[in-house]
Ligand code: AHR
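To begin, one chain is listed below as structure tokens, in the form predicted on its own.
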Amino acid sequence: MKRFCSLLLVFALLFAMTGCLGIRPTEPSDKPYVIGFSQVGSESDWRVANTKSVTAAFASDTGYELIMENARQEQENQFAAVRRFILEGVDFIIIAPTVEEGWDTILQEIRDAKIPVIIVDRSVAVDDDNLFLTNIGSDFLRQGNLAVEWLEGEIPADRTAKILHLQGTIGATAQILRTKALEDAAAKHSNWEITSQLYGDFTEAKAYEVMTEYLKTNKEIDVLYSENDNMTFGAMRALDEAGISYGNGGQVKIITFDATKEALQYCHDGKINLCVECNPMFGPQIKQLIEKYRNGEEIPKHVYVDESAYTTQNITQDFVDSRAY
């Protein structure tokens, strides 16, 4: 009897220690762990690849069920999706936010429902960063700095550079920080002039529209700084129609962000001068972070994915062909 009581005491102590350490062991269950994913949209090749990466990470694992909702680039659609996830009682929420601002209330609602959340790709500007577990995605400021550092080596100090800036969705982290890198660099170089900032919304159609209109009256462009590949493709089509050459040996040097397979092919062929990579293939890393959380392991507050920059000189056709997106 004494031995039985002693064993009960040991088990009680172990249970108490587990609670004090904050360990969240997953209880055995036949039900899948349900994840609600609010994706910002499908506005670009990058976004499509990112969606495929996230869905593929969970598709073959019967222990998970992923529910994805496409917000079509509208923050209000994301709020509605998240509230549906809460009502449905999902176990975890993933959000790829449209813009940084405006998330305090909805994230507080998630916390009140005791549902953990990961912010992916872009960031959120909130007063309390404990409203989310972690943020995984790109270092967008580093991307912009890679671009301007390359441009510094291309523009002689005694030559003026007229820079046309194509911006993505205003208020998105990628737009904010890629813009900051360019504007900070232009402020330091008296021979750099940002002639205009056009709103392309990260889409090929919008970029083509605004570029076509711009080129009707303004054709003096030395550099196109385009904040994603799809906008770049639209701008290239407008430049072709206006009879303006670009790429290696052309009138306009083109800097683009994402480094999708199509953009890398243009870069390899000399039509794009610089591709700055924005890696969308971090679905497996999201799953790893969720599993660490479920196992009670510590999670870093921010996780950056690996990325590089490419020119005609440092990529091969084999590399382009091997690109997954």
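Don't overthink the numbering: it's just position in the shown sequence, from 1. Predicted, not measured: the structure shown is a model, and the values here were computed from it.
Although not depicted, the form predicted in complex with the named molecule is the subject of the following passage.
- The partner is not drawn, yet in the predicted bound form one stretch among 116 to 124, 155 to 163, 210 to 218, 75 to 83 has residues with heavy atoms inside 4.5 Å of the named molecule: 116 to 124.
- At the 4.5 Å threshold, heavy atoms of Arg47 reach the named molecule in the predicted bound form.
- Although the partner is absent here, Phe233 is not a contact residue: none of its heavy atoms lies within 4.5 angstroms of the named molecule in the predicted bound form.
- Taking the partner from the other structure, the named molecule in the predicted bound form has a heavy atom within 4.5 Å of a heavy atom of Phe202.
- Though the partner is left out of this view, Leu151 does not reach within 4.5 Å of the named molecule in the predicted bound form, counting heavy atoms only.
- Contact with the named molecule in the predicted bound form, defined as a heavy atom within 4.5 Å, is made by none of Ala147, Tyr225 and Asn273.
- The partner is absent here, but in the predicted bound form a heavy atom of Ala174, alone among Ala174, Ile95, Ile254, Leu239, sits within 4.5 Å of the named molecule.
- Scanning 242 to 270 for heavy atoms within 4.5 Å of the named molecule in the predicted bound form gives just one residue, Asp258.
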